[in-house]
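Same chain, two versions here, written out as structure tokens and called structure 1 and structure 2.
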Structure 1
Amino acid sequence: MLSVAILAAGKGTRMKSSIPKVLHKISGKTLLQRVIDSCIELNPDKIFVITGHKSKEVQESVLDNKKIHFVIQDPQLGTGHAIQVLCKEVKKNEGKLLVLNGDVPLIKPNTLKKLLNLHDSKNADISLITTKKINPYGYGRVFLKGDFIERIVEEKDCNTQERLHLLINAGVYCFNWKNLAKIIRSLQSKNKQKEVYLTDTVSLLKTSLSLELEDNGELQGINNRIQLSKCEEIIQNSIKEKHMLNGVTLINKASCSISEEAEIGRDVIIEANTHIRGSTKILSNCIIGPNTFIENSNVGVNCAISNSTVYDSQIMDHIKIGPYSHIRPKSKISSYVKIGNFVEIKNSQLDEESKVNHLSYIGDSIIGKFTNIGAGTITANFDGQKKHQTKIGKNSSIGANTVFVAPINLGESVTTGAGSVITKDSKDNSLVISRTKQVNIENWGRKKPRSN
């Protein structure tokens, strides 16, 4: 039987934030959720998340899972106190208890499996992950005696000689839970921080083992924004290298970001300062960027999107978007469509080979095949209370600066005069003009402005 305890009760004061430390995000996912996801791959019987500071917010952030249970630590008196609270709440203390912090987001399931295997192979009371750091400041130092851990001394309790020791505690433990439960209440706060240390269990349990790993970044804990940024960089480098090995070109890797969920096809070129977020899927032979943001959208083959943003939309094949266009949620852009500069599309469908080349707003609309939307066209979709739809049939030609006051339905092969305000439906093959007659008044005497 395997149980997991994730320590997520602290304030994280060094983050200088009103957000609990474990709710800060890396590549779109909270630190806590990343740790939970790694633990779920171990197929544990239960996962206990020990919360304290802003407990409700922390609980609400976690994705639903029947195996996850929450335990509140109030007040927060240290890591040992957290497990004291857990053992008090959970009476059935059997099997192994894996304990780790909620601020170690890069920990890998295979690393945790190695710790569990070591623990089982030696039938240990406690096994923990250690590593050597050139600058071990801030970490508890681990002192070995042969193959076993003799003691662990926290940073603030180290003397001058002990601070020179390079082997540190990574904060990931595996316990024989039954034996741990017998001694956990013996832990006291007789130290400079006046906290109950979980590391003090080493002196109270018989068999304590160390699994020493190379410090490759996955053991990095997060206490401030600098460390948060380092972890983001580690994840991003891994994601980008994976895509590059699969045939994606990144023109300026350092200036781009890609989510873990994103899928990118071969021979896609990602230009500088481009960001691909969420479950975006981009098929082959596209040029994305520069200065482009795409989130939770599908992009077909042979598309070019430049200096633009795309949210929650479908972009089919052979489409050009931008520069400086904004494709808002629930839009479907069909194949061979051209969307030019300073165009906004929202909750609309553009059928094949239609064009919106300049300075237009198309909202809540259906635009037919081969239709050309002139510069400055606006679908006025909101009447102050509700949104209404505009429908324009195929093969239509919409004059510059046309305003459609929705709801409105134009037939096929309709032409509108430039500068028209269209308020009524039209039939197929119509010319639609709605504007006042131009009046020129000669010798118009313009009043001169008064001088101060």
Structure 2
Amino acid sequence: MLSVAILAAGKGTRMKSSIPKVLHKISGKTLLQRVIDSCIELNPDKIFVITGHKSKEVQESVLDNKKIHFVIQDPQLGTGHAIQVLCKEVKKNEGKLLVLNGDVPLIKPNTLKKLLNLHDSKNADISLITTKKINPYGYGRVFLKGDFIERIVEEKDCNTQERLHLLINAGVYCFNWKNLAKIIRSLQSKNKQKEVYLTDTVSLLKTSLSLELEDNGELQGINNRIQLSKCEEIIQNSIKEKHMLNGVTLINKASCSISEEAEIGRDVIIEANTHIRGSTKILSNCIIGPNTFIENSNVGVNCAISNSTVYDSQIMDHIKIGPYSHIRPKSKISSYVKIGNFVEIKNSQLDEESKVNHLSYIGDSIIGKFTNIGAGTITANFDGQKKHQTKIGKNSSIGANTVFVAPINLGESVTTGAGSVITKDSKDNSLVISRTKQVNIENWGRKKPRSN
């Protein structure tokens, strides 16, 4: 039987934040959810998440899973105290208990499996992951005696000599739960921080084993924003390397970010300052960026999107967007469409080969095939209370500066006069024009300014 306990009750004082530490995010996912996801693959019987500081917020952040049980630790008197509370709350302390710090988010399922295998093979009381850090500052230093761990000394309790010791505790433990439960109450808080340390269990249990691993970034703990950004960099580097090996060019790697879920096809070029977020999928031969943000959207083949923002939309094939356009949620842009400078599209469908090239707002609209929307065209879709639809049929030619006061339904092959304010529907093949006629008054002559 395997149970997991994730320690997530602490405040995270060193983050200097009103958000609980485990709810800070790296590459879009909270530290806590990352730790949960890493242990789900082990198929544990139960996962106990120990919460305390802002416990409601922390509990609500966790994605639903039947195996997860929350245990409240209040007050929070240290990592050892968290496990004391757990042992008391759960009546049957049996099997293996894998304890994971909620602030060590990059741990991989395979590494956890290695720890469990070592633990089983040696029938240990406690096995924990250690690594040598060039800069061990902030971590508990692990001292061995022969094959066993003798003691762990926390940063604040180290003397000068101990502080130089490089082998550290990664915050990932496997316990024989029954044996742990026997000694857990004996933990004390006689240390500089006056906390009950879980690490003190190594001296109370008989067989304490260390699984020493290379420091490959996976064991990075997060106590402050510098370490948060270090983890972000570690994840981003591995995501970007994966895409580059799959045939994606990153022009200025450091200035871009890509979500873990994103899929990017071959021969896509990602220019500088470009951010691909959420479940975005980009097919082959596109040029994305520079300065572009795409979230939860699909982009087809051969598209070029520059200096623009795209949210929750479908961009088909051979489309040019930008510079400086904003495609807002629920837009469907069909193949060979061109969206030019300073154009905002929202909840609209643009059919094949239509064009909106300059300075327009198209909201809640359907624009037919081959239709050209002139510069400065606006769909006035909001009457102060409700949004209304604008429908412009195929092959239409919309004059510059046309305003459509929705709801409007223009037919096909309709032309609107530049500067028109359209308030009525029209039939196919019409010329629709609504503006005051130009009057030229000849010999009008400006009066000369009066001189004193």
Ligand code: UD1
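If you superpose the two forms and keep the largest set of C-alpha atoms that fall within 1.5 Å, you have the rigid core. Along the sequence of structure 1, residues get numbers from 1 upward. Note that the structure is predicted; figures quoted are calculated from it, not measured.
Chemist: Given structures 1 and 2, which represents the form predicted on its own?
Modeler: Pick structure 1 here.
Chemist: Superpose the two forms on their rigid core, then report whether the C-alpha of residue 123 is displaced by 2 angstroms or more between the two structures.
Modeler: No, shifts by less than 2 Å.
Chemist: Please say whether, between the two structures, the C-alpha of residue 440 moves by 2 Å or more once the core is aligned.
Modeler: Passes the 2 Å threshold, so yes.
Chemist: Quote the shift of the Cα of residue 161 between the two structures to one decimal place in Å, the two forms being superposed on the rigid core.
Modeler: In the core superposition between the two structures, the C-alpha of residue 161 moves 2.3 Å.
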